[in-house]
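One chain comes next, on its own, written out as structure tokens in the form predicted alone.
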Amino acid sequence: MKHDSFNESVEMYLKTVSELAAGDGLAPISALAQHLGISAVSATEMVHRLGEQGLVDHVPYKGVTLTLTGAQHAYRVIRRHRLWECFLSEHLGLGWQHVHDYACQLEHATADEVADAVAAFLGQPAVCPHGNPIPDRNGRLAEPDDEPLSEWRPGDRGSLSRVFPESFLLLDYLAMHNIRPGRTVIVTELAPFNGPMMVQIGGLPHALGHEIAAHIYGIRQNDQPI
């Protein structure tokens, strides 16, 4: 039985704003529309409705951010999503790159009580298979202490921590190249004119475009041997 807190459309908007406005940023309406595959007009209309419900704050010409209430609802959706990713990966043996899309479908059909039961069954996992933290049942989300590889410089070294935001195309590409959280990483070169970032991940060389590097996070450990 589907939970009755919010409809799927509202949940998708809140979750997407949370992803695009990570940290203290704002999610541009154009980016929100592109991510959801809708027109900017439709996105703007929905943002206004969510604003009237006290779920988002809209700064004209800049973007959207979640209110405290909106963030709590978004984190409940994210909690269900990431718990299902853990279950699908660990107990059904589904591929690391596939569980994100399956969890996107299950997150809207899961009551919070079911999510709590799944969490208990899994032993209260702290992160999903892609390394992203799982909000607790009260809607609190720990902020990871990491940085996207796009902000690293030649000579930086450390370990990969997570992939964010997730998408099937990105996860499929990373799976094909065996790039995932826990792997060691060393930045060896930055090509000029916004060229690719040359890295060693798990001891193997890779060339990462700027957009891909911006979605792969890591923890720098420059003072420790790799």
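Predicted model only: the values in this text are computed from it and were never measured. One-based numbering along the sequence shown.
The form predicted together with the DNA is left out here; the points below concern that form.
Legend entry - Interface residue in the model of the complex among T44, T69, S159, T188, criterion: non-hydrogen atom within 4.5 angstroms of the DNA: Contact with the DNA in the model of the complex is made by T44 alone.
Legend entry - Interface residue in the model of the complex among L171, I29, L55, I201, criterion: non-hydrogen atom within 4.5 angstroms of the DNA: Partner contact (heavy atom, 4.5 Å) among the options: I29.
Legend entry - Region of this chain that lies against the DNA in the model of the complex, out of 193-201, 163-171, 176-184, 56-64 [heavy atom, 4.5 Å]: Stretch 56-64 is the one.
Inset, instruction - Please state whether all three residues F87, I134 and N138 have a non-hydrogen atom within 4.5 angstroms of the DNA in the model of the complex. - result: Spot residues vs the DNA: no contact at all.
Legend entry - the DNA contact at N7 in the model of the complex, heavy atom, 4.5 Å: Yes - in the model of the complex, heavy atoms of N7 and the DNA come within 4.5 Å of each other.
Inset, instruction - Scan 168-190 and note down the residues that get a heavy atom within 4.5 Å of the DNA in the model of the complex; none is a fine answer too. - result: Nothing in this stretch is in contact.
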